[in-house]
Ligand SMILES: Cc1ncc(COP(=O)(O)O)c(C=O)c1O
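Shown next as structure tokens: one chain only, the form predicted on its own.
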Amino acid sequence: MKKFVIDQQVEDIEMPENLKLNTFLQEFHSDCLHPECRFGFYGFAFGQSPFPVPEPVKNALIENAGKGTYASVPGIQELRDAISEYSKRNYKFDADPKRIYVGPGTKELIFNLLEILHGTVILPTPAWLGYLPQIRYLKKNFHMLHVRANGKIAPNDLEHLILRLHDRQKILILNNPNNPTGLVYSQLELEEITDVCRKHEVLVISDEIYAQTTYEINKFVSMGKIYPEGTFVTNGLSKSHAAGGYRLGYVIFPQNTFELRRQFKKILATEYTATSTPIQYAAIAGFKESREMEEYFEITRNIHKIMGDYTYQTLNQIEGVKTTKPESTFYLLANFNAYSDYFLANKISNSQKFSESLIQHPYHTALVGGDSLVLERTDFSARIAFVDYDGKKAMENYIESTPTTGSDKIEFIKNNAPKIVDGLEMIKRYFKDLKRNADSKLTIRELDAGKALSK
């Protein structure tokens, strides 16, 4: 039989960590012999909104299912107009529809931007697990910029790194709101980063896919508004509209980029011709102003906040654990490095082994470890996604009886997200067991050493 030779460039790329973990969990679930395994696992690993797709979007898809013709490469005009109005209405960001290009998800559009833009990429870490594989696949020069304890880019650190880079063009990836920390940059923080970028003519790819999930939505500021001449803003349906499967995203180009957009259009036409036409028409309903959409955003934001506050407070009850307090998204970053000695005593030498030990019986808990977030393998931080619940049921119950007090919210979580409650308790149990096992091993070693000395 003929042997097929795979390009080395592809061989060097690993399966994305979230998909790799999903495969592992499926195999583990089928192999586990304990009766307790039948419930599956506590899912803190996957970043997918649990809510149903908004009714206006679903209805628009049904109505336009018969539209089988190719759309224009940048996207249908009605959708680009709707996105322009959406940005102006929600983010006070005025973008000419001509600067807006639609694609099959922001992931693809970020890849396309990295394809077309020459230069060194600056990747702040911890980072979403999708950026680095793309950068490596495209063989881009890149440098990590580890953020400070507050979880955000320090302008001085950014400038010091820029001064060490010799490529004439630099590209900063800014993820705001941030995955994995759930943090949001203030306008002042963005202005300080902009001062550095403007001074050194650094381009910014601002991934704002979680913008609409910001709990206090009026506090979100788009980098495209602060640095319009140098920022590519990406956003889409996946997170705020719970429509990851629709695969629709958009990019807003900086000002005065006619020639760049012409070249970008050529890339899109070559790679995938155009985004699905029925999906584009469905997206119009998601971006157009309507009371139904505004209510949907408000309810889902509030539920995310309730779940996030509970997860934050519960994890911080574990001695030595520090977490970011989410202001947006459905994630937080938990720092478990206070347990480093206990990990090592239990022969857990890196974050991958930590993740694997936590999914084993009896814990059955999945999270994304530090090395998947572009941290050092020995960094025992982890991303916690708090979306393991029935979003449709939660929305219905929230509308029927909106929780207002602290006790109301606890009761809401217990009734609507029992796997989050039980999963967090299981994480607590894991660290108690980790410490107890390490202490018992230490005691045994001390006893053995005492016996040796007495001989």
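Residues carry their position along the shown sequence, with the first being 1. Because the structure is predicted, anything quoted here is derived from the model rather than measured.
Note that the form predicted in complex with this ligand isn't included here; everything after this is about it.
Chemist: Which residue, Asn175, Thr324, Gln212, Thr277, has a heavy atom that falls within 4.5 Å of this ligand in the predicted complex?
Modeler: After the contact test, the surviving option is Asn175.
Chemist: Just to confirm, with a 4.5 Å cut-off on non-hydrogen atoms, which of Gly105, Gly308, Pro254, Pro74 contacts this ligand in the predicted complex?
Modeler: Selected residue: Gly105.
Chemist: Flag this candidate site as yes only if Tyr91, Arg291 and Tyr296 all have a heavy atom within 4.5 Å of this ligand in the predicted complex; otherwise mark no.
Modeler: The answer is no; none of Tyr91, Arg291 and Tyr296 reaches this ligand.
Chemist: Does the 4.5 Å heavy atom contact test between Asn179 and this ligand in the predicted complex come out positive?
Modeler: Taking the distances in the predicted complex, the answer for Asn179 is yes, it comes within 4.5 Å of this ligand.
Chemist: His146: heavy atom within 4.5 Å of this ligand in the predicted complex?
Modeler: Because no heavy atom of His146 falls inside 4.5 Å of this ligand in the predicted complex, the answer is no.
Chemist: Spell out, yes or no, whether the shortest heavy atom distance between Tyr86 and this ligand in the predicted complex is within 4.5 Å.
Modeler: Residue-level check for Tyr86: no, no contact with this ligand.
Chemist: Does any part of His200 reach within 4.5 Å of this ligand in the predicted complex? Heavy atoms only, please.
Modeler: No, His200 is distant from the partner.
Chemist: Just one stretch in 282 to 290, 216 to 224, 128 to 136, 355 to 363 has heavy atoms within 4.5 Å of this ligand in the predicted complex, so which one is it?
Modeler: Looking at the partner contacts, the answer comes out as 128 to 136.
Chemist: Between 202 to 241 and this ligand in the predicted complex, list the residues on our side with a heavy atom within 4.5 Å.
Modeler: Contacting residues: Asp207, Ile209, Tyr210, Ser238, Lys239.
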